[in-house]
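Here we start with a single chain on its own, the form predicted alone, put down as structure tokens.
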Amino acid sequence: MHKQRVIELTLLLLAIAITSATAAIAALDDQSEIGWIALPYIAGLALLWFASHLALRRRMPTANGLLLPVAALLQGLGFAFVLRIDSGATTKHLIWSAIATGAFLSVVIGVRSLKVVRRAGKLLGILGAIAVLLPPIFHTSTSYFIPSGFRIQSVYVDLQKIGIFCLIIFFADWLASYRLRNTAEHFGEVDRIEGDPSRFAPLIGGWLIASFLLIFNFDTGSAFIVCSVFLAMWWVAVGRAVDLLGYLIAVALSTLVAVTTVPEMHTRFQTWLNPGANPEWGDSITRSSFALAGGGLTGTGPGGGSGNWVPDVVDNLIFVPLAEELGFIGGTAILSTFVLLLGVGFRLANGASNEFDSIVTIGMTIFLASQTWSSIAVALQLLPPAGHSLPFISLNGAALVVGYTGLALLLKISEGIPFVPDKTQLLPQIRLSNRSPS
């Protein structure tokens, strides 16, 4: 068995131990309803993780060994807290986990090369644009958390996250071609073309989508995710500071227009600055602040918090009970886990075998990182009110499926990165331009 799979298996066992210990400690609380019924659910999660591990061992033996255990650890912590706060939602959580694992296995087993994914880029771009723009058109609710999809009975499908996922692949295909030509220009293989307007397409697309979300969906979180993802992908492919400045100015102007002309956005910014001015929307912010303050440095311990006191906590504000019961130290540890995921993604992007893989990796990594920041920033009152799930932790089935699908793509890309034990082996492959003596 390859070293990466040994690391993966060891860390998965550790993730199972941490999940079980967290649920067991929470069960010791006098008011807890957690009993032996939790064991089948934890066993079910463990079976799903081991199924994913076996598929990777068979299909991608040299893929990165950190990505799956990190996601499993976050998912297990989320499950333990959902179990304590809303025990009736554990079955739904396990069902969505099974669906997410199915999506993961479909990519691991069914997608032999990302060339297949790239060929579907245009179709995915059309579907992604529809998925992102459709919810605001039919949205009429004035609730605190903005719906970004549709609900079938008790099942909520987050269309916008699915749409952004598809758009990442579409724009990665576009930008990969541009970056390849830039490289060819650098080595003098083709004539330099100045002022090519095609480089603006991803920036303009990201700006238009973000502006639409701000004006019609009143959602600063989704706009932030879109801007972050497309800006990161564009910067890796193009990297022109003047274009970047223009893009940031355009986004700032769109935000200013939305805040000053759209009553809903104005109300949200007012609530953000002064939660007491709007009890309907500010109540969640106020309760989150009290809960986070009550956690202190070491926390109240699993089961000792007031997580169910905060509205919509198992999905949009799951970081609040985590930081309250695990304290500042535990909350920092969770953030560090996401930072580890971010670092692994950047490393894979740096070593990817081709431009498309590199840009897709950057897009998927920033997609997960920006969702993390949006969810935590709302809880910490660093962003205006919006509803965003914490990747792999929150009880949001569609977000979990998208997260595991993106994780499978990252693992597929990591499988194609050659292992070089001695970096000096790369030196003969580096092309150096011949310079005549001056």
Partner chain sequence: MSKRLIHVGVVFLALYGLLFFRLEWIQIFSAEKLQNHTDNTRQVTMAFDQPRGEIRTADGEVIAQTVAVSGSRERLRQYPYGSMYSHLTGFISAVNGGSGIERNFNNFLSGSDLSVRIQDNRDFFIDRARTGQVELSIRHDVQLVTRAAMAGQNGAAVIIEPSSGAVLGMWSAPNFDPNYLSSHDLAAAAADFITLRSSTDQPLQNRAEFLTHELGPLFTLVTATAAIEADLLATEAKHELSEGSNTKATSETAISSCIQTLSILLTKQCTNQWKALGEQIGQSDLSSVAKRFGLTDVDPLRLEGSPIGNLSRGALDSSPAAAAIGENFAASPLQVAHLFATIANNGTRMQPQVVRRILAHNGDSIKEFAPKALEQSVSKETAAILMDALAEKTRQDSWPNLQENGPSIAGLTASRLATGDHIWSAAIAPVTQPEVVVVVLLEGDDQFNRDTADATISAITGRIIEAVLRLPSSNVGSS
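Positions refer to the first chain, counted from 1. Only a predicted model underlies this, so the values are computations on that prediction, with no experimental measurement involved.
Heads up, the form predicted in complex with its partner chain isn't pictured, but that's what we're talking about next.
Taken together, the three residues F218, G246 and T271 lack any non-hydrogen atom within 4.5 angstroms of its partner chain in the predicted complex. The closest non-hydrogen atom of H93 lies beyond 4.5 Å of its partner chain in the predicted complex. Residue contact check for F290: one or more of its heavy atoms lie within 4.5 Å of its partner chain in the predicted complex. By the criterion of a heavy atom within 4.5 Å, G239 is counted among the residues contacting its partner chain in the predicted complex. In the predicted complex, its partner chain lies farther than 4.5 Å from every heavy atom of F170. Remark: of stretches 403-411, 56-64, 40-48, 368-376, the one touching its partner chain in the predicted complex is 368-376 (heavy atom within 4.5 Å). When you look in the predicted complex, the only residue of G282, P135, G327, G121 with a non-hydrogen atom within 4.5 Å of its partner chain is G327. Listed residues T332, S87, S177, S106 were compared with its partner chain in the predicted complex; T332 is the one with a heavy atom within 4.5 Å.
Scanning 316-346 for heavy atoms within 4.5 Å of its partner chain in the predicted complex gives F319, A323, E324, G327, F328, G331, T332, L335, S336, F338, V339, L342, F346 in sequence order.
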